[in-house]
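Encoded as structure tokens, the following chain is the form predicted alone, with no partner shown.
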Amino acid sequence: MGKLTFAMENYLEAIYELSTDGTGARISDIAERLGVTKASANSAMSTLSEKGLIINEKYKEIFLTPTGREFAEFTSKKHQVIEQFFTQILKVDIAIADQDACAIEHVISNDSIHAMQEFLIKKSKN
């Protein structure tokens, strides 16, 4: 499977964050979290389902497939590392760091994420 669009990564991340304790995510909660209409969220769910990243039965909760979970966890981890780097190292306000991390997580290289992680680890040991 090729690279996902920023929007599709955001949908997967939202489903991941809204899915807890074995429960799935509801379309209305996904739409609200991302600030989109339910129709837009439903359209995205169709695309993600076709790609095998979610299980989406009409009028039921949405669940990530194992592959979908991998994508979502990776995107979420990138977001956390960027946000942590911005707030702890650069002293950026948390709200701004969160917004910036959301935009950057889709384009940053794995090498840069790894370097940020390593820097944070070294910094925490000092």
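So that there is no doubt, residue numbering starts at 1 and follows the sequence shown. Quantities reported herein were computed from a predicted structural model and do not represent experimental measurements.
Below: the form predicted in complex with another copy of the chain, not depicted.
Proximity of Phe86, Leu90 and Phe119 to another copy of the chain in the model of the complex is complete: all three residues have a non-hydrogen atom within 4.5 angstroms.
Contact check for Asp100: a heavy atom falls within 4.5 Å of another copy of the chain in the model of the complex.
Although the partner is absent from this view, Ser112 contacts another copy of the chain in the model of the complex, with a non-hydrogen atom inside 4.5 angstroms. At a distance threshold of 4.5 angstroms between non-hydrogen atoms, Ile104 is in contact with another copy of the chain in the model of the complex. Using a 4.5 angstroms threshold between heavy atoms, Ile108 counts as touching another copy of the chain in the model of the complex. From the list 71 to 79, 52 to 60, 34 to 42, 90 to 98, the contact stretch for another copy of the chain in the model of the complex under a 4.5 Å heavy atom rule is 90 to 98.
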